[in-house]
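A single chain, nothing else alongside it, follows as structure tokens in the form predicted alone.
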């Protein structure tokens, strides 16, 4: 098949999406459940990667090799790092870096060995559709799903990925300082996106990602994360995915 893969780390981040599919069917590959169907007339595969870069890379490869998807979109949660990025905000990634990549002195800090780069860019056109979908989601988010007194906003920029959950203010500040030391200002931190970006780069597959901010990567990160994933994340995902697939359907229709 071809179509769009909607990828998340956790099932809670996709809660309710399977019910939106027309003629859903389930397949198991690499120990993971994949749900195939149509949304607004477009072929869709829903998948949960599990947590971490290796798990995410395995799932992305399965989506490309096993299902022949044309594009991959990641939606889920992240911890805020940028000063203006608050709980409830959305971040659309422009590019990704692995903040735990360090093959020095053989290669520069954060550079992925043998690639000659430390950052992997997201697809600009697909990311633009996610910006529109994110703005739509923020506009339709009801009061029950809001977690902050301030009005959530959408940001665009660098997201850092690594195999650790940043759960203290000291760790968050240290990560920001380390990245800024080489001129990288990350808006958010999570555990999967950079791996998927690298896989999609290898295969020449468009990739884009949008993350809702569940916590501030500080001493309250665990509790904030658990509450947000359980009660808020799926509200964002359903609105974002629905709007994105409508846009892709309109784009497909315009080509014909």
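Residue numbers count along the first chain shown, from 1. Note that this is a predicted model, so its numbers are computed, not measured.
In what follows, reference is made to the form predicted together with adenine (ADE), a form of this protein that is not presented.
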(message) Within 4.5 angstroms, counting heavy atoms, which one of the listed stretches 22-30, 62-70, 213-221, 195-203 is next to adenine (ADE) in the model of the complex?
(response) 213-221
(message) Check residue 44 for me: does it contact adenine (ADE) in the model of the complex (non-hydrogen atoms, 4.5 angstroms)?
(response) no
(message) Considering non-hydrogen atoms and a 4.5 Å limit, does adenine (ADE) approach residue 78 in the model of the complex?
(response) yes
(message) Please determine whether residue 124 contacts adenine (ADE) in the model of the complex, using a 4.5 Å cut-off between heavy atoms.
(response) no
(request) Mark residue 164 yes when one of its heavy atoms lies within 4.5 Å of a heavy atom of adenine (ADE) in the model of the complex, and no otherwise. (result) yes
(message) With adenine (ADE) taken in the model of the complex, which residues across 27-47 come within 4.5 angstroms through any non-hydrogen atom?
(response) none
